[in-house]
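Presented as structure tokens, the chain that follows is alone, the form predicted on its own.
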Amino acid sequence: MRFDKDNYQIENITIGEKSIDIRAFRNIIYVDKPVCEEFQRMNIFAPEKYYSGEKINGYSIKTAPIFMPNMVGGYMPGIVGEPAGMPWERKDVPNTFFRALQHGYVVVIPAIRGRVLKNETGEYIGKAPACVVDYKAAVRYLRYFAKDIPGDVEKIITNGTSAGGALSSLMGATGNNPDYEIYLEEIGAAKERDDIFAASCYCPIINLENADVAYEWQFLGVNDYHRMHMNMDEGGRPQFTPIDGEMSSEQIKVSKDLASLFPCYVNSLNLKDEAGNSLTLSPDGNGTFKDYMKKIVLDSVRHAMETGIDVLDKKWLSFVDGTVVDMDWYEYAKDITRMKTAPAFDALTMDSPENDLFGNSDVNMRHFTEYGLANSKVVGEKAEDEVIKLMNPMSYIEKENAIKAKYWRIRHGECDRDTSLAISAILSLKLKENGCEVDYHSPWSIPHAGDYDLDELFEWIDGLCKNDMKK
């Protein structure tokens, strides 16, 4: 593990009418004992202007925030990214990395192991918690070589979408926690800190052991499902095929069973809103927590209306004198449509991406909920509680030996159907309760997606960093 500050390329990248000169440090192995070099390396990019003493957006080579996105989706391996674009991206539109560099950030993109990776002997080497362990190791590397790394290693901002958003949230919630140390030692991570300054999380797929009950609480009674199946064509571009259907009577029963468990989970959290009011659910799934969830959606509606978007076609909304005042929760769920059959995550046939995530070196798929194990249709086992815990930021928010990012930005689209809106709302509430500053919003008519509001994201980062520089 080393960093050669003289091993770089100076490149000009031009996309459309935008252009920037960068200094690129590529294919840096960030651990001493890699088990898969392809997915334990990183690229570091910095604006070349910094090396001649110039500033961009008020930042210099040592004050620039380090924007550290990951490219993980579905808990699959995350590749290193390039500001010039990836094969599936439009060549005339600057991507996130390019825009971040133009804005004056140092951009660090680590490759990260994922659930399907095997070594030469056939052992799985990317199961939980490998993905978050690699992310932590990459942060430790930056701190270990801080004197030669461009950017401010105390201003690291992680960013990701879906499973990548989950990893960003884990980085924000678990800083320096000793539970991960044995895994970090196995791969030869630097003896450094891995806490971060801020976490940007788009639609994080987290809290997996409670995600099924939250999903069925939200979509209970919506029994038809609609989703897209993705394949990659020969050019590396995603192709989508629609799949529509109705849940079976058995799946409908599973949905009811799981939904009935959600109130107990919510009530166990002792949640409170910003005014200190308790958020709870009665056994039938109604209560102040449901009212709070409706408020999140209604806030999204109001914001959309303020920007001139017409929402009058949404029959689940109630208006008085042109002002939205209430909503029908079931009709809302029916309108955005169900995507997944019950259970949404811990499949009873043990064939979901999340079952795959919780395998181990020898076993490909495992359950991760008691309900899944008790009702399994296949011969299988449940992952260890400790491993499940390592993949859930909720497990660490209240732990004193987990250094939490002070600043969080969480976005979960209003019509996202990949996981329940309740999951990100609960994360936000618990973070606020424990002293974190959280910018949480459910943007109108946004599905499961990320990086769609980069101007706002960068404005948020700048506000944090520049205020901190004044202290």
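For clarity, every value in this text was computed on a predicted model and none was experimentally measured. Residue numbers here begin at 1 and follow the sequence given.
Omitted from view is the form predicted in complex with ligand DHB, to which the following refers.
For the chain shown alone, residue 376 is not a contact residue for ligand DHB in the model of the complex, no non-hydrogen atom being within 4.5 angstroms.
In the model of the complex, ligand DHB sits beyond 4.5 Å of every heavy atom of residue 414. In the model of the complex, ligand DHB sits within 4.5 Å of a heavy atom belonging to residue 345. At a distance threshold of 4.5 angstroms between non-hydrogen atoms, residue 267 is out of contact with ligand DHB in the model of the complex. Per the 4.5 Å heavy atom criterion, ligand DHB in the model of the complex is contacted by stretch 158-166, the sole one of 281-289, 243-251, 158-166, 388-396.
Of the residues given (334, 340, 99, 140), 340 alone sits with a heavy atom within 4.5 Å of ligand DHB in the model of the complex.
Residue 74 is the only one of 129, 74, 85, 359 with a heavy atom lying within 4.5 Å of ligand DHB in the model of the complex.
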